[in-house]
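Read the single chain below, which is given as structure tokens and is the form predicted on its own.
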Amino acid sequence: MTKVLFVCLGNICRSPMAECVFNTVLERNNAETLCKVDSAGILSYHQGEQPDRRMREMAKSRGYTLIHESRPVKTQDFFDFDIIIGMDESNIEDLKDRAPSVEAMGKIHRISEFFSPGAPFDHIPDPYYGGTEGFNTTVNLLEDACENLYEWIAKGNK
């Protein structure tokens, strides 16, 4: 089983939605046993909170049930997960700073590695300070990336 951790800044918008979308992709492909999926945030100031209300509403409007309790990234995550995916360059740099070893750093991936060619961004923009369109863009990008991530893992990559 491949263990995947999605990471964003506060773990209330992008990374819990990535977790939800990726779990949905696994279910749709009858591959729930292929991966264990979780999400976390660089910062702990939302620890214990549900995902942002606007993200939950966007998820619901798109047919997803977004249930998660925010938590910060822990050193143990670098030992427990095979793949750690940051949503933007700032997340990647913070993850690299926290990695306890060179081997752990090798587990870190940019979400953009899994975008289809021609994607309009090289990261998942943080929708927190934006409007509805930002949340919609986040879900669109995550749906694309999670489909490609599933295919990549299904082919035996880690």
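One rule holds for the numbers: they count along the sequence shown, beginning at 1. This structure is a prediction, so every number in the text was calculated from the model and none was measured.
There is another form of this protein, the form predicted in complex with a small molecule, and it is not shown here; the text below is about that form.
Proximity of A119 to the small molecule in the predicted complex: non-hydrogen atoms within 4.5 Å are absent; the residue sits far from the partner. Mapping the unseen interface onto this chain, L43 counts among the residues with a heavy atom inside 4.5 Å of the small molecule in the predicted complex. Within this chain, C8 lines the site of the small molecule in the predicted complex, having a heavy atom no more than 4.5 Å away.
Proximity of D38 to the small molecule in the predicted complex: non-hydrogen atoms within 4.5 Å are absent; the residue sits far from the partner. Remark: of stretches 123-131, 29-37, 104-112, 57-65, the one touching the small molecule in the predicted complex is 123-131 (heavy atom within 4.5 Å). For the options L141, L149, C13, V21, the one in contact with the small molecule in the predicted complex, meaning a heavy atom within 4.5 Å, is C13.
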